[in-house]
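Single chain ahead, written as structure tokens, the form predicted alone.
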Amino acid sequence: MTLPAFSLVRPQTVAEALRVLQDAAPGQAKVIAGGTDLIPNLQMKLYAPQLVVDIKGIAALRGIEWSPGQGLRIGALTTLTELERAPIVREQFPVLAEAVAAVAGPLQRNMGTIGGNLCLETRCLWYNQSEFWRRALGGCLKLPMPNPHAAHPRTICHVAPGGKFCWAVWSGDSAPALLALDAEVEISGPRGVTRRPLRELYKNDGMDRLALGHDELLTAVHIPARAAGRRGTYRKLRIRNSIDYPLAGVAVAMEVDDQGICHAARVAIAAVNPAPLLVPQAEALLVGQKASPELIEEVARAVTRTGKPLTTSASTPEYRREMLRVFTRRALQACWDRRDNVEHERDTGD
């Protein structure tokens, strides 16, 4: 579990960090912020970069700024604890406050950053293991290992042995909440600063997960002002409620008037696909409607059609798919009932 050898640089500005990344060979540099994802992966020898770029010293990447006209800007180095405790987030964006509060445990939230949480490595039961364990199986499609009896490394997916697509899942909590809030990400690179919808950051590919160049850096997250005040909640399935990654996650954000009519809605899921995903059918079904058991069940079915859980975790795909349905029903009902502060307890089904 020792770290591989690498060079470490600590830039003090975004421009300096970008120069370092640009000078590094593609695939040979890793960015570290809180380190709660990168360090364990380095210890497991999932990758061995030549260079690690520590961006914690870049003060410009910290902070939460709110403007009624511009919305909410969150610096990429803002910790999950800071985000969870920020009054503006708790009052105006409850789905995000709940999602970041569900990440791991207090120590990890104190260290982990929103930028790092959005750039997590995808996870799989066959990938996130020790080097000794992986070598015994000959590796996998995501990380092949040499077979002493073959001329080339094995490239097999243990989840879907007949295919060449990696099903390692996106196992983060903040991304579905931010998708439900129509968030954008701010990307800094050699061509300047750009903003793009968060959904465009993800490729839905377990091996090539992010549409982020090797010489680019995620510097901030923007939530539009129109998303402020949306009722929202996040539901998460995990084995241990104190620390584990999600096995399935559902985020819901809605605008509902005093008559109970929905005027805007977003439903997003995580931990069952190689990317966090919006469920576009949900908005079409919900807008203009009042709550009814039939409507909620129809949306829940749309969510289960979008989710594609496979044997990437210790839990069965059937159970995770069923919990997507259960969580969607509960989240929608909670939003309509104005139960925005959802008690985090282990959900085991209806």
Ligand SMILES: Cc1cc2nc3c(=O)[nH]c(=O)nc-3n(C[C@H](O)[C@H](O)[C@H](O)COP(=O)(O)OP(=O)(O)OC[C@H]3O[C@@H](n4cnc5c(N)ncnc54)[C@H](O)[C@@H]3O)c2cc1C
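These numbers were taken from a predicted model, which means no experiment stands behind them. In case it trips you up, residue 1 is the first one in the sequence shown, and so on.
From this point on, the text means the form predicted in complex with the named molecule, which you will not see here.
How about residue 233 - does it come within 4.5 Å of the named molecule in the model of the complex, if we only consider non-hydrogen atoms? Outside the cut-off, so no.
Residue 49, heavy atom within 4.5 angstroms of the named molecule in the model of the complex: Taking the distances in the model of the complex, the answer for residue 49 is no, it never comes within 4.5 Å of the named molecule.
So in the model of the complex, is the named molecule close enough to residue 103 to count as touching (4.5 Å, heavy atoms)? Residue 103: yes, in contact with the named molecule in the model of the complex.
In the model of the complex, does residue 222 come within 4.5 Å of the named molecule, counting heavy atoms only? Flag for residue 222 set to no.
What I'd like checked is whether 32, 36 and 120 together line the named molecule in the model of the complex, meaning each has a non-hydrogen atom within 4.5 Å of it. All of them do, each having a heavy atom within 4.5 Å of the partner.
Can you pick the one in 248, 76, 83, 140 that has a heavy atom within 4.5 Å of the named molecule in the model of the complex? Of the candidates 248, 76, 83, 140, 76 is the one lying within 4.5 Å of the named molecule in the model of the complex.
Contact residue in the model of the complex, from 160, 264, 243, 88 (heavy atom within 4.5 Å of the named molecule): Residue within 4.5 Å of the partner: 243.
Work out which of the listed stretches, 248 to 256, 209 to 217, 225 to 233, 177 to 185, brings a heavy atom within 4.5 angstroms of the named molecule in the model of the complex. Only one stretch qualifies here: 209 to 217.
From first to last in sequence, which residues of 157 to 195 have any non-hydrogen atom within 4.5 angstroms of the named molecule in the model of the complex? Heavy-atom contacts within 4.5 Å come from 171, 172, 173.
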